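Take a look at this single chain, the form predicted on its own, given in structure tokens.
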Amino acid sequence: MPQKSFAYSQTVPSVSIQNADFDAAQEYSQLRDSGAGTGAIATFTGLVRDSGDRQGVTGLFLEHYPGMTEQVIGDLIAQACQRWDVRKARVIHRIGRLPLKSQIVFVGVCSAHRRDAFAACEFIMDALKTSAPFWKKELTDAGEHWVEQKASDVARSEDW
């Protein structure tokens, strides 16, 4: 596939791994202010839900490999920029103990056109789930257990 060349602008760190919650509206505003030519923004926000490998999930605990995780996600953004018109991208992933309904991950991409913004946002999220070194534990009233990577996530990532 021939590589495309687009004007990519990055005025804020594109990858943040943090304990603190994030403001999705503020992240959206920063993407919207990415400069001339931006015509579309696609975002994804993942939340802690009450079911996963087991029912009755009360929260999650996430760990990561500092430095390596940011590099892997940065590489995924670079891959997205080679495939689609990405003007700016932002990924935030939370770690630590997160109760139900907490925001876990934010992926935002702005582009000149919606198709590129949607595709790049979905690609980054799908690839992040299988490539970025995170470890996730589901917390329940009956105890906690580490979550293994799902074949369905690997298949989605391989579709790209």
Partner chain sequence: MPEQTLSVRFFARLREELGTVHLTMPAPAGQTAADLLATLASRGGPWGQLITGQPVMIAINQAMAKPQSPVKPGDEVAFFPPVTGG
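Residue numbers count along the first chain shown, from 1. Because the structure is predicted, anything quoted here is derived from the model rather than measured.
Only in words, not in the display: the form predicted in complex with the partner chain, which the text now covers.
Participant: Please determine, with the chain shown alone, which of 22-30, 113-121, 35-43, 58-66 has non-hydrogen atoms within 4.5 Å of the partner chain in the predicted bound form.
Facilitator: Selected range: 58-66.
Participant: Report yes if any heavy atom of Gly52 sits within 4.5 Å of a heavy atom of the partner chain in the predicted bound form; otherwise report no.
Facilitator: Gly52: no contact with the partner chain in the predicted bound form.
Participant: Taking 4.5 angstroms as the cut-off for heavy atoms, does Val105 touch the partner chain in the predicted bound form?
Facilitator: Yes - in the predicted bound form, heavy atoms of Val105 and the partner chain come within 4.5 Å of each other.
Participant: Please tell me whether any heavy atom belonging to Leu128 falls inside 4.5 Å of a heavy atom of the partner chain, as the geometry stands in the predicted bound form.
Facilitator: The answer is yes: Leu128 has a heavy atom within 4.5 Å of the partner chain.
Participant: With the partner left out here, check for me: in the predicted bound form, does some heavy atom of Ile95 sit within 4.5 Å of the partner chain?
Facilitator: No, Ile95 sits far enough from the partner chain in the predicted bound form that none of its heavy atoms falls within 4.5 Å.
Participant: Go through 69-91 residue by residue and record those having a heavy atom within 4.5 Å of the partner chain in the predicted bound form; state none if no residue qualifies.
Facilitator: If the 4.5 Å heavy-atom criterion is applied to the partner chain in the predicted bound form, 69-91 yields only Gln71.
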